[in-house]
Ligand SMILES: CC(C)(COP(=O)(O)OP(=O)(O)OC[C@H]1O[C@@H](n2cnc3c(N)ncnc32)[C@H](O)[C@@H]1OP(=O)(O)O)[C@@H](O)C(=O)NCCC(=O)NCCS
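Okay, so here's just one chain, in structure tokens, the form predicted alone.
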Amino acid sequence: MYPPFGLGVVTPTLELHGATDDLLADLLPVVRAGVADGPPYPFDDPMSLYEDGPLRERKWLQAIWRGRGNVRPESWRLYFVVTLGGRAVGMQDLIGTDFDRFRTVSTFSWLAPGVRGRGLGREMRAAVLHLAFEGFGAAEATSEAFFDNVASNRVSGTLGYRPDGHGWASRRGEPARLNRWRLHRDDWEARRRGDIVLTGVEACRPVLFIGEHGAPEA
């Protein structure tokens, strides 16, 4: 009944699966233990993962449920659970704003603390970018990361994004500088991988209001 549940992206290292309630339940122990409990804090406000106790879990789930039910031509968000050897270890989101007009996406992700530092952040971003460019015909992708989020900024640079200026956002109520990044389709094409498999794409196109016309000219 909800085709995004059938979306899948498989790489030689990990898999992205549409975030069903069963998969979200598999991630609850990770959320309960905490994924952003110390500086430098990676997320801007408001963020459910900064909450304490059971409120963290409830607000995290509610945000995903709202996002599922709020798919419109001008705005949609796909939620994926990242699995490593069959174990849920994080989330990777793909966000479209007026996508059928501008063919631009942005991304958001987090990983369980115990699996960081192994290149998984880069691999899951590469996976969701393959879905965006190869599966949906994106023209460009953007990303933002706080200036001291070394891992996220490194992933963007490694995958071919180019610096795109700076901005400001609050985290835990305090202002901090954001680095902005932009990946053009030509730069993605130069690094296109042949070992990533997509499933369930065609069934999702009408749900996300994606037409068949090509990406806009740069």
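When you see a residue number, it is the position in the sequence shown, counting from 1. Model, not experiment: these values are computed from the prediction.
As for the form predicted together with the ligand, it is not shown, yet the points below apply to it.
(request) Would you check, heavy atoms only and a 4.5 Å threshold, whether R193 touches the ligand in the predicted bound form? (result) R193 lies outside the contact set for the ligand.
(request) Decide whether R154 counts as a contact residue for the ligand in the predicted bound form under a heavy atom distance cut-off of 4.5 Å. (result) R154: contacts the ligand in the predicted bound form.
(message) Contact with the ligand in the predicted bound form for S48, defined as at least one heavy atom pair within 4.5 Å: yes or no?
(response) The answer is no: S48 has no heavy atom within 4.5 Å of the ligand.
(request) Tell me, yes or no, whether R122 is in contact with the ligand in the predicted bound form, where a contact means a heavy atom of each within 4.5 Å. (result) Judged by the heavy-atom cut-off of 4.5 Å, R122 is in contact with the ligand in the predicted bound form.
(message) Quick check for you: of 181-189, 35-43, 56-64, 164-172, which stretch puts a non-hydrogen atom within 4.5 Å of the ligand in the predicted bound form?
(response) The contacting stretch is 35-43.
(request) Indicate whether the candidate residues F99, H130 and T142 are all in contact with the ligand in the predicted bound form, with contact defined as any heavy atom within 4.5 Å. (result) No, none of F99, H130 and T142 comes within 4.5 Å of the ligand in the predicted bound form.
(request) Could you spot which one of L78, A88, V105, L111 gets a heavy atom to within 4.5 Å of the ligand in the predicted bound form? (result) By the 4.5 Å heavy-atom cutoff, the listed residue in contact is L111.
(request) Taking the ligand as it sits in the predicted bound form, which residues of 61-97 have a non-hydrogen atom within 4.5 Å of it? Please list them. (result) Counting only heavy atoms within 4.5 Å of the ligand in the predicted bound form, no residue of 61-97 makes contact.
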